Structure formats: C-alpha cells, structure tokens
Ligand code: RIB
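Here you get one chain, nothing else, as structure tokens; it is the form predicted alone.
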C-alpha cells in the first residue's frame, strides 16, 4: 500500500506534540508520509506553534518537513491562548533550545492549497487546532474540496460537555466561523469530538511506564505529559491526561479503531451561551438538511490507542 500523504494543521501544544511523535514513528515505519505542517493560533500563537513543531520534528529525526506559519487570529473574534493547559511556550514551560530549522515563509493556507493541487485526491488533512487556515484555504480556492482525499478534525462536542464553555469545545470555539465553513464544504470530513477523546485519557500507570524510559524522546514526552497531567487531574479526578490530538491522527491512519455515526454538522455562531457549539440533527424524521454528512467518531478502541501511542513514543 502507498503510505497516505498527511498534512497537519495544528497549534502545537502538548497533545499536538504527542501527536507529532506518534506520526513521526509511523513515518519512520513507512506507514505514512508527512508532506507538511501548518500552524494556527490556539494553544499558543501561530509562530510559537511553528517553532514548537520544528523542535518536536527535529527531536524525532524529521528535519526535512516544511512548516508554514498560519493565521494569527480568528475570522471574527479576539484571539485566545490556552497557557493554563500547555504553559506559556506551549510545551510545559520547558527551557528548550531554538530549533535548527525555520518556517518556510509561505502561509499555511497557501501551503495547503499548493499541496492539494500538487497531489490531487491524495492529501489527508489532519487538523487539531482552530480551523482558521482551512477556512481561509476554502476561500482562496473554490475547487479545494474536490482536490482533498479527506479532512480529519479534532474538535466539537455533542453529548459531552464543552471544555472551554458549557457547550463548546476549544478548537471550534476559537474560530466558529471557520469551523462552519469546513463542515459546510463538500469534502469528506471525519470529526473526532470530546465524546470520543475523553474516554481515551491515559492514567498514572501509563505515565509511569513512559517515565521508566530515559531516551531523549521519551524523557521529553514524560516531562510535557507530567505537566499536562497536573492540569488535567482536577477535571478527571484522578492522575491522568487526555491526549485528544493523537486520537485524531491515529484514526486518520487506522479508521477501524473508531466507532462512527454520520450526521450533517453545524456550528452555533450567534448564541449568547452556546457560540462555538457543534450541533447535529439526531432525529429519525426525514430532514431537509442539505449539507454533506460528517463522519463523527463516537468511540474508539481505548486500549489499542493507549498501547500504540506509548509504543510510538518509546520507539525512538
């Protein structure tokens, strides 16, 4: 089989970094090809996210992947960063050296359009931050949906409470207008919401197994995950953390790990209390919805996810 061509769009904080390590292991094994990364505002600003991405990729031995800086703010609201969860630098406030490489100078939206046109029908976009770059790319090129193989998005919440407001998940809430553009476009979308990710939370035993290894990649992963666990423990009420973004990457490469339903998805743009909430129509009555259905992950093989993520990080 030809390895899938992956373009990541991310806001590299801790779970994005773990996702990049997982994917780097898949690339080294010949099971994926990482053709580029674009960064966006979210956990940190888009430039800081690009520098973090370069750091992680270089640590994992992937120093030839182009990294483009993307949108620095949402389409229609003020920018917001998640420093309480990821640290002021996005990587647990570790004192990290500057990466040896540098961003390309191309915008993330322009990179997305160029790569989609260079590989028509082959590109899988995995988006694990706010969807501003994808929304901008759709506005740049009306033919983009016909050029992309699949879009896998970590974001949204349906039956699960939001994680930034009562109803909204952070990636969607950071730019609801862009997210609604993505869900309205005529391309295949897989959505990996909090309903699927929260049940995959790693616990104290998983963290201890990671900490038992002292190679550079494992040591880095353990340091950032301990920070993340400190932030997550009050929410989970046990020692642990949810590595949301890694599940999206894993389902992009192995969809069989997930359980899905198909529903058209919209984003609430005007509600005083519900702006940024993802909404689907779960009624059995015939619907007049004209949007293409989104494949929404509602569960996964949790044990397989946790084992594969740990094995990937420990493979370096």
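Everything quoted here is computed from the prediction, not taken from an experiment. Numbering follows the first chain given and starts at 1.
Absent from the display: the form predicted together with alpha-D-ribofuranose. The rest refers to it.
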- Message: Given a 4.5 Å cut-off on heavy atoms, tell me which of 138 to 146, 95 to 103, 177 to 185, 237 to 245 is the interface stretch with alpha-D-ribofuranose in the model of the complex.
- Response: 237 to 245
- Item | Option touching alpha-D-ribofuranose, based on a heavy atom within 4.5 Å in the model of the complex, out of 202, 151, 229, 170 | 170
- Looking at 89, 163, 107, 222, which has any heavy atom no more than 4.5 Å from alpha-D-ribofuranose in the model of the complex? 163
- Item | Complete contact of 43, 128 and 194 with alpha-D-ribofuranose in the model of the complex (any heavy atom, 4.5 Å) | yes
- Note on the structure: Those residues of 7 to 22 with a non-hydrogen atom no more than 4.5 Å from alpha-D-ribofuranose in the model of the complex are 11, 15, 16
